[in-house]
Structures are given as structure tokens and as C-alpha cells.
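First comes one chain, alone, set out as C-alpha cells in the form predicted on its own.
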């Protein structure tokens, strides 16, 4: 105990600095967790948490036995996995291509242009895609102008295209931003390794395959672990903005469904229960994926 106080005395300035942030974290992140108690109640705003009746696991059972649940899970996982797979591949590919650009000015220009969409709100992003793919959008006008289409094609109203459009949209928006992390990892690779490989006769593609990718593989694995932990709870704003009745069976995800039931239908207890269910599954996925990564690659979060 004396050693701890002695250590505290040496680091008291750092400890004092952490006090405001600790209080902020407790108020913002931990105290609201207590509100999850309404998942086990038939919560009423008038009665409050203390006065609302307890119903146990009723809302969890309602969700798991709902006829839409499997469809919601399918849509959520499909769009999350597609975005993760193609987003990761696109970000790594972009980082490798930017790294191979010899001109420093061109490299900065390409990098800046690629991550600008990240700062565009999802609302603006949805509007851009609507203007491009809508019945009176750019693609329809171009195809009709060259005679490939007699009438406008409803791209946004085709169920078999919705997941593809969502994947393209999220990859376009985030690819440049995600590539920054891989570029940072590539920058950390010693130039001596590349020079030695070049002297031995290794071509550009061989250097990428046998030096760059193996060296950044720990970064790729860590990011995949973190993203896979969120795969069950991913999706909400994007699907809500691009949603239309024609693609309802493929567009509705758990997040948008809970939003409509919770905010639109004032079923706060049900929405909280589903949110807790998503969180538990996400934690389980994170632990399992981390354990698998540690076992097979010796790279893990903990």
C-alpha cells in the first residue's frame, strides 16, 4: 500500500489530469448502462423505472420468436460481412497502390481525394447515390442517351441489387479513411528490407506479396477482429436512408427495426432488450474471433 501511495505521489500530476476524463467516462458511458434494466420491465414513461412492472425475459422471447427475426439477422449479417470483406480488400489495395506512387505530390493528392468521402454525412451520401441510380439519375440518363435503355431502370427498387448498392456505397465512403491505417503500417516497414529484396531480383509484385503484406498482416488481423465484433450490430443509418418499400425484405436490419419499434411505436423495453441481445452477441463474437486469431496467428487484442 505504501508503494502505491509513493507511486501516486510521483505521478500525481498525471492522476489529477485523469480525474476529469474518468468522471466524464463514468457519466457518459457507465451510468446510462443502468437504464438497460427496462429491458426486463414493461416500461412506462409515466410510471418510471421504479414503478414499471417486471416481466423478466418477455421482450427477449418476443424478439427471438418474431417471424421477422431470421430475416433481420440475415440482412444485418449479409450487409455487414459484404462491407467488411470488400471494404478491407479495397482499403488494403488502395494503400498498396498509393505506397507504390513515386511522386510525393501525386501520392498526397490521391490520398486526400480518397478519404474526403469519409467526412460526408450519410444523408448527403445517400442523396448522391439517389441522384446517380434513381429513375431520373445520371446512369439512367446516360444509358437512355446511348440507346441501351428504352425506359428508366429502377436500380434502387431491385431486391437483388440492394446489398450490392449498400456495399459499393459504404466502400466508397470509407475506403480512403481505412487505407490510412494500412499506409501507416506500410510506412513502418524498413526500407532496407525492400532494398535487399530488390538486389536479390525481386520484382514489385514479389515485394508486395512477400514483404509488404506479411509485415502488415498483424494490423490487418487486429482490424478484422475489431470489425468482426461489430458485424452483428452493424447497419442502421445507411439502410434507413436508402430504404424503400420495394426492397423491404432485404433492406430491413436489426437496427432499423428496433428504431421503428422503439421510437415509432414507443416500445422502449423491447428496443432495449434487442439492443442488449446485440451487445451480448457482439461480445461473444469478439471473444471467439480474438481467441481464434491468437491460436492460429499469435496476433490478438489481448
Partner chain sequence: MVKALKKKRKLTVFDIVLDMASIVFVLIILLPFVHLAALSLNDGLDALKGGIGLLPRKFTLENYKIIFQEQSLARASLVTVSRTLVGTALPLLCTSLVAFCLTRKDLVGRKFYLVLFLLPMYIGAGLIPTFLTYKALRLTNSFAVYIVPNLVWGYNIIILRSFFETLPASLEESAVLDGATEYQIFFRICIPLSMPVVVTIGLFNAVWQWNSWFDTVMYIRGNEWDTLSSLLAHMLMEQQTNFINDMKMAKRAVSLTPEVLKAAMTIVTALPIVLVYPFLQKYFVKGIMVGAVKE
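Positions refer to the first chain, counted from 1. In this text, the rigid core denotes the largest set of C-alpha atoms whose superposition between the two forms falls within 1.5 Å. None of these values were measured; they are calculated from a predicted model.
Missing here is the form predicted in complex with the partner chain; even so, the following discussion is about that form.
Engineer: Taking the shortest heavy atom distance, is residue 277 within 4.5 Å of the partner chain in the predicted complex?
Structural biologist: Although the partner chain is absent here, residue 277 would stay clear of it in the predicted complex, with no heavy atoms inside 4.5 Å.
Engineer: So in the predicted complex, does any heavy atom of residue 268 sit within 4.5 Å of the partner chain?
Structural biologist: Looking in the predicted complex, residue contacts with the partner chain include residue 268, since a heavy atom lies within 4.5 Å.
Engineer: Heavy atom to heavy atom, is residue 18 within 4.5 Å of the partner chain in the predicted complex?
Structural biologist: Contact with the partner chain, yes.
Engineer: For residue 100, is any heavy atom within 4.5 Å of the partner chain in the predicted complex, or not?
Structural biologist: Residue 100 belongs to the contact set for the partner chain.
Engineer: Residues in which of 67-75, 159-167, 138-146, 210-218 have heavy atoms within 4.5 Å of the partner chain in the predicted complex?
Structural biologist: Selected stretch: 138-146.
Engineer: What are the residues of 116-154, in order along the chain, with a heavy atom within 4.5 Å of the partner chain in the predicted complex?
Structural biologist: Result: 116, 117, 119, 120, 121, 122, 123, 124, 126, 127, 128, 130, 131, 132, 136, 138, 141.
Engineer: Verify the C-alpha shift of residue 271 between the shown form and the other one: is it 2 Å or more after superposing the core?
Structural biologist: The answer is yes; the displacement is at least 2 Å.
Engineer: For residue 257, is the C-alpha shift between the shown form and the other one 2 Å or more after core superposition?
Structural biologist: Comparing forms between the shown form and the other one, the residue 257 CA shifts below 2 Å.
Engineer: Following rigid core alignment, is the displacement of the residue 241 C-alpha between the shown form and the other one equal to or greater than 2 angstroms?
Structural biologist: No; that C-alpha moves by less than 2 Å between the shown form and the other one.
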